[in-house]
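The chain below stands alone and is given in structure tokens; this is the form predicted alone.
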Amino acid sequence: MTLDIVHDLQSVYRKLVDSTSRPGLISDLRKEAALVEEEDQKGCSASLLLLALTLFDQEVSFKVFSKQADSVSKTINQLTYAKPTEAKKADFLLILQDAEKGSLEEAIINAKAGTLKNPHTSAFIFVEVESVTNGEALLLKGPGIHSTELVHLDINENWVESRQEKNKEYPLGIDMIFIDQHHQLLSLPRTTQISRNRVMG
């Protein structure tokens, strides 16, 4: 791996924070992803691996949804020391693009939503998608958004309603990060309200 671990992962973290604080802002991870060598990926996209390297350590657990779940989990564990576990216990759930249909909805339903005393113990869900600039039109509202923000997601999953149900008792809920094939990142924190934009979509 040719990453400058400190510098490049700090850059990834800053972009993640920017996109999370301003939902609808697309962050570009192409520069950092280009530094991740093919042999390090083991079925995982370079940008998803970057997020794992940025956020995971031996204190956290994760669950991978993929046809290559075992090999991807082994790679992430070797690089970060984070521990694979079942969906209901995982701090991070990773839905790879080759995951079976319905995996995202399953992950949302099973993900930890935190507790009223400790809402921060909820899960993050990372999702590989075809595109975060094309596909179904979604209208975003909430903190960090001036009025409304229009985004697009190319993903063949029924997830908006499941997420809405999971996040109905704020501050409980889940945060979601979408990454596409061009290493573009879209963050949808639990505070963001999503509606399907039938008119413009």
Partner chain sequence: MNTAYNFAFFDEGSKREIRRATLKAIAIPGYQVPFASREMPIGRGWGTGGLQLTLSLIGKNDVLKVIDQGSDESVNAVNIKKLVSDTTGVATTDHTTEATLIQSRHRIPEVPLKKNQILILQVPLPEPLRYYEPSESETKKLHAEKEYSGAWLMLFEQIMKYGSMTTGADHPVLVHDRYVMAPSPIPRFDNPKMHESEALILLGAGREKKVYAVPPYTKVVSLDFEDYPFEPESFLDKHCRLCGSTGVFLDELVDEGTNETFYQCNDTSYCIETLNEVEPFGVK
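Residue numbers count along the first chain shown, from 1. On a predicted model such as this, the values are computed, not experimentally measured, just so you know.
Not pictured, yet referred to below: the form predicted together with the partner chain.
Picking from 42-50, 154-162, 132-140, 59-67 the stretch near the partner chain in the model of the complex, with a 4.5 Å limit on heavy atoms, gives 59-67. Residue contact with the partner chain in the model of the complex: R30 places no heavy atom within 4.5 Å of it. With a 4.5 Å cutoff on heavy atoms, S122 counts as touching the partner chain in the model of the complex. Q181 falls outside the set of residues with a heavy atom inside 4.5 Å of the partner chain in the model of the complex. For the chain shown alone, I109 is not a contact residue for the partner chain in the model of the complex, no non-hydrogen atom being within 4.5 angstroms. For the marked spot (Q10, L116 and D175), a heavy atom within 4.5 Å of the partner chain in the model of the complex is present in each of the three residues. Within 4.5 angstroms of the partner chain in the model of the complex, the stretch 159-178 places a non-hydrogen atom from each of Y170, P171, D175, taken in sequence order.
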